[in-house]
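Shown next as structure tokens: one chain only, the form predicted alone.
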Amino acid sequence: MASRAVEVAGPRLRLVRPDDRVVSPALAVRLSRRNTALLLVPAGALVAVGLIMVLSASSWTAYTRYGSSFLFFRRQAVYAVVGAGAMFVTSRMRYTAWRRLALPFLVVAVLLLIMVLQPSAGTVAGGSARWLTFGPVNVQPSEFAKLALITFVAALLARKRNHLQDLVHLALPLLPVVSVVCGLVILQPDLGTALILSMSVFLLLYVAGVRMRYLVSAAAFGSILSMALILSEPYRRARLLAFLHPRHDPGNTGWHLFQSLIALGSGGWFGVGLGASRQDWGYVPNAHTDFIFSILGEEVGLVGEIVILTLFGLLIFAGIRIAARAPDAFGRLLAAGIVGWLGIQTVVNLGAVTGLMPITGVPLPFLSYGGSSLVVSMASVGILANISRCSAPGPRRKATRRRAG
């Protein structure tokens, strides 16, 4: 009776299994394989499309600056191979190991974020110190910080599941850790990534079952703080004003958005053809990174854009199904955090290139050029695949457990 009382007292995860029926092992295996395929096929297709679009969107810039149209494409291809290796490793590595690795992984991420702020170690580009250079390789620590923070918060909330209604117990050490990570990212400065980090943690708190009044208070405080940070820097204010009044200064502050919309509008239904874009001839800034979807829309048109959005939708849908069928609370929270992060970042990027949200400078997962983003995103997909596999233990795994017992 005592254990039953303790179980009822704890908050329930808002992300639960679709039903409470006991399914047969064979059906569980089929569901696991279906979810895994529904996850991996869109992810692989997005990576392939990303390689094609990086080649198309970066060829003019790469040739004019470095004399080779294939420079960024070759690098992205190498990153894709490394990402495939990382995805294979994380898909075979039992996800429960991340619960033990959460704190060391976070410590390493924080140290890298501190290193990138040191003038002797960090590489400055575009006014931001976001990269560490190791020979020919540039590493962006904030990308690793996304997965590290989500893993740590998922492990913390799973451990404190019966104490989430105690505000002090919940805030320590969650609030200091999130503040340190987001604060270091803001100092780079990179407010867009900091917002994605904070929104991902907010989603995890919601999924874990934290009281709604705590969430509303956190959302209100976060909104006020975000607005204060936006207004504190001239370039952030300019981006906000360009979003609110895009026609006020199309040749300066509104240049990014106007050129992006021109590219999207030029594509029509079926696009102008792969490699036939004109907006990537120096008109759309960051054509192969933040605004790669604009070039994609110009070259493959509305139909191609719908296909890409469908692939993202299938990947997110598969991630939600995997989270709902995860074997334990940590698995559900980890899967929900990864899916939430990828979904939020996708929405933020697409909102910026279409003028529905202010420009934040975050990449589009799997498509935008960038090694750290691609490798971490693919490794995260591998973690989701492992959670899916572990949700349906087969006879061999059951036998192994009996021998171990």
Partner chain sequence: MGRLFGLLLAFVLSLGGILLRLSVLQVSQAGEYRALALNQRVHTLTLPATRGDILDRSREPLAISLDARDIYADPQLVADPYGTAVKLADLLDLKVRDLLPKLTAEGSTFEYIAQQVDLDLAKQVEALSLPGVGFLPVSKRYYPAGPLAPQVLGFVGVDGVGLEGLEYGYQKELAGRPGRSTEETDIDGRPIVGGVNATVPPKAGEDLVLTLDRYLQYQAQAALAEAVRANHAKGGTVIVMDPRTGDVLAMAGYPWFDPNRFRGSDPERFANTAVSAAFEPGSVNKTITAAAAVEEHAVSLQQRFSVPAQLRVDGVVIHDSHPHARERMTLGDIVAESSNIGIVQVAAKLGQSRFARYLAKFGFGAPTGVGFPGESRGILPPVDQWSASSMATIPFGQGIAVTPLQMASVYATIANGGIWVQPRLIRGTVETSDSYRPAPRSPSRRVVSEGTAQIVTQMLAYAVQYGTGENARIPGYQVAGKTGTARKPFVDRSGYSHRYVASFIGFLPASNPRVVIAVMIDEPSTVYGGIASAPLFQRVARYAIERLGIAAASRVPLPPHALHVP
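Positions refer to the first chain, counted from 1. Here the structure is a predicted model, which means the values were calculated and not measured.
Note that the form predicted in complex with the partner chain isn't included here; everything after this is about it.
- Only one of 73, 258, 144, 131 comes within 4.5 Å of the partner chain in the predicted complex through a heavy atom, and that residue is 258.
- Of the candidates 292, 323, 102, 113, 323 is the one whose heavy atoms come within 4.5 Å of the partner chain in the predicted complex; the others do not.
- Although the partner is absent from the chain shown here, none of 167, 219 and 223 has a heavy atom within 4.5 Å of the partner chain in the predicted complex.
- Taking the partner from elsewhere, residue 283 is found to have a heavy atom lying within 4.5 Å of the partner chain in the predicted complex.
- For the chain shown alone, residue 83 is not a contact residue for the partner chain in the predicted complex, no non-hydrogen atom being within 4.5 angstroms.
- Using a 4.5 angstroms threshold between heavy atoms, residue 354 counts as touching the partner chain in the predicted complex.
- Interface residue remark: residue 268 is counted as part of the site for the partner chain in the predicted complex, having a heavy atom within 4.5 Å.
- Proximity to the partner chain in the predicted complex, taken as heavy atoms within 4.5 Å, picks out 295-303 from the listed stretches 152-160, 188-196, 295-303, 224-232.
- Taking a 4.5 Å heavy atom cutoff to the partner chain in the predicted complex, the contacting residues in 51-69 are 60, 64, 65.
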